[in-house]
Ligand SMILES: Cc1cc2nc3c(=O)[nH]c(=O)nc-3n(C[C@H](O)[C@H](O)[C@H](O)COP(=O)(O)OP(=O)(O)OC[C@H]3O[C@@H](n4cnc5c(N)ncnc54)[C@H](O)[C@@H]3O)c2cc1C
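Only one chain is included here, represented as structure tokens and corresponding to the form predicted alone.
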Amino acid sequence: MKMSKVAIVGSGPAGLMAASQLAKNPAFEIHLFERRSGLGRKLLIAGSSGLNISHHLSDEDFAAHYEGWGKSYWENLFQSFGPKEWIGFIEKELGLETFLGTSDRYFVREMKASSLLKKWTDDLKSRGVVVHPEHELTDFETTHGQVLLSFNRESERWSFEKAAFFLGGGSWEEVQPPWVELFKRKGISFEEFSPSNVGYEIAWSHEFLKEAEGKPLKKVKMQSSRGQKLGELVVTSYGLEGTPVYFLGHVGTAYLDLKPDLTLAQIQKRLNDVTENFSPIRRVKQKLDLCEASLALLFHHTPPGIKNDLVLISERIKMFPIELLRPRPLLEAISSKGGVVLGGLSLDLELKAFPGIYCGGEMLDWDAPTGGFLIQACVSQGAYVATAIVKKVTQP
């Protein structure tokens, strides 16, 4: 039986998952291309401090965390291949243990992306997937039912029955990914990349940074027009880093609840119960068990008229205003917004202008918060594209 040749271009989680799903079918000959010398660069970057692979939510709640397309699209995607299937793949097919952390995020037990990547690539090779490192896509076209691809290392074009591009977003890149200009030349609509899941700049005072730089704002709740999020933030020389600002950050005013486990009334009662004639700030330090960074924030970024008033400083503890000036650059971002405009794709993620070529992962114009949502969407789209290719080839 003649095998159908399929090209997977890009070795992030989406590309690896597409290759894995297709490699289960003996009717396919799979070729995996990567422009770098090694596979899975962004997977290794994302897992450098502990690899969270998904989040513990229902499909409906999971879908609510995404921008781009609509909620029904994401619900259908995760029903097709969601957290249960992804975790099952890691445990049953790759033989790695996972666990659910206290933050409702799933992790690989070894906490190392390198272990996951090695198991994954070894599994692909054992299934006959042919890996081509240092192959950068330079051109593509479709003609007579075939996909023709050109790479920097080959003078002749490769011919495939189908191809799937998982070329990555704009984050962690020194310069814009080279595929972007290629897509623009092909007339494919593209939304320029911008940083997402990234720290924000704030005009801290010199005095505050002397006390708080590098220290955490512990157990705070951040609130902005995008919602609210409990967590921990880290004070940096330029502003703030941490999950709450990654989820909620946008240019403008946000608010911090420095003591979310107490109501305003409870805070005021504790401060008023001090019998000594202490200043409001000293009462706060004595009675509220705030972390060093929160105390420094109150002391150095609160006007005297508020700092010396028990009622006003209590209100400020529950709703401390911070002005987010601008996001940090793409090079520092965990992910990016922008990419191939979704209107140029079918529901199967096939390029309308180039039938037979599919796209997925962070190269598309969707967005999600960090904490397992990004990698879950990528592997789900990889599996989804693989399923679409199988159906198109076997049931034309």
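Keep in mind the model is a prediction, meaning the values are calculated, not measured. So that there is no doubt, residue numbering starts at 1 and follows the sequence shown.
Omitted from view is the form predicted in complex with the ligand, to which the following refers.
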Problem set entry | Lys352, heavy atom within 4.5 angstroms of the ligand in the predicted complex | no
Exercise. Is there a heavy atom of Val220 lying 4.5 Å or less from a heavy atom of the ligand in the predicted complex?
Worked result: no
Problem set entry | Contact label in the predicted complex: Ile45 to the ligand, heavy atom within 4.5 Å | yes
Problem set entry | Close approach of Glu34 to the ligand in the predicted complex, 4.5 Å, heavy atom | yes
Exercise. Out of 57-65, 23-31, 342-350, 366-374, where are the residues with a heavy atom within 4.5 Å of the ligand in the predicted complex?
Worked result: 366-374
Exercise. So which residues in 124-151, when you check the ligand in the predicted complex, have a heavy atom no farther than 4.5 Å from it?
Worked result: His135, Glu136, Leu137
